[in-house]
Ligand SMILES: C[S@@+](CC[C@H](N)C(=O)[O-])C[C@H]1O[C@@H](n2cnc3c(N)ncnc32)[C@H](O)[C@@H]1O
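Next comes just one chain, in structure tokens: the form predicted alone.
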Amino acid sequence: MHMCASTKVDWNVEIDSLLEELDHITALSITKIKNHKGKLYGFSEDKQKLLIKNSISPLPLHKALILLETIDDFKSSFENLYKTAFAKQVVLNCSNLKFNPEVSVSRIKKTDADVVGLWKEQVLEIVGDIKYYQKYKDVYSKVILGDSRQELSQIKDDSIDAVITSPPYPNEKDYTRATRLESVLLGFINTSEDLRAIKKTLLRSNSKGIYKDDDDLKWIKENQTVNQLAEEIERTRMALHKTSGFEKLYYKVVLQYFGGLAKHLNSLKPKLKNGAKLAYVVGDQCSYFRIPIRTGHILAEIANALGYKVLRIDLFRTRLATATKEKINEEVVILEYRK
């Protein structure tokens, strides 16, 4: 995400040089694919275990790895732009993945794809955007890679006017699955240890992301609403005789999730200007034994206890809960911070 976001705010691109290099990479990749003899390129066993089974078919994967190898060999200053285009197309048009809204594998597999051609088209589309918006190239943007619950040392104190964001929702979605294929292909995740390290930097929002040394829950130990909600979830689990390892962690997800939000809001305070405004898009949930979690109202309660002023909670939209088919709210919690 950091690589793609950094690429998208960089408009200072020498287009002629990029186009010349694009033609070279395209021609070389096509030649390599055409002349390749023997076993297809593929993932190691360790990498294969990190992916959803059948995420991508052997031939498209072979072509994708050859294209990546060619991009890497060029050691280009446009490497991240090429890889951003690659990440989009390899998932969208070359893999077997589908999103609705969970990531899953389509029953109809793409046994082949014009990987290089699709990638080149995507790069040219980016070039078109750059040409159109290059008049704004002097507008400064910075993308920071970090955990917003921790000490925000890369941001100056009293420097933030506004925060607009949408944290994960408390449910059973493993958000790393949505970008797993491209993360493995691009080398950001090579082992289960790499994956675990990334998950530990994320807000705890599902039982697959809970670890023994997690302690964010200490930030809401005095919050009766959250603690009562966690107790209700655990009582319901025992009453229903649910005994799986993941189900036993449901109550803990709620504690760690809201604790993480509290820790984030507390860490953020020194960085905010007096009168800074904040907007958090969050969604109510019924993922844990159909017990309602009113995320927006709980977040507002936590923020208020930390010294934020809750200006209002706006209804963003309603959607159908997967389990109950009932309408649940997505809301925008609007806050103000005064010192």
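Values in this document were obtained by computation on a predicted structure and should not be read as measured data. Start at 1 and count along the sequence shown; that's the residue number.
Keep in mind that the form predicted in complex with this ligand is missing from the display, and what follows is about it.
Among heavy atoms of residue 149, some come within 4.5 Å of this ligand in the predicted bound form. Using a 4.5 angstroms threshold between heavy atoms, residue 167 counts as touching this ligand in the predicted bound form. In the predicted bound form, this ligand sits beyond 4.5 Å of every heavy atom of residue 77.
Using a 4.5 angstroms threshold between heavy atoms, residue 130 stays clear of this ligand in the predicted bound form. Figure note: of the listed segments 159 to 167, 220 to 228, 182 to 190, 96 to 104, the one touching this ligand in the predicted bound form, with heavy atoms no more than 4.5 Å away, is 159 to 167. Exactly one listed residue, out of 203, 233, 116, 87, brings a non-hydrogen atom to within 4.5 Å of this ligand in the predicted bound form: 203.
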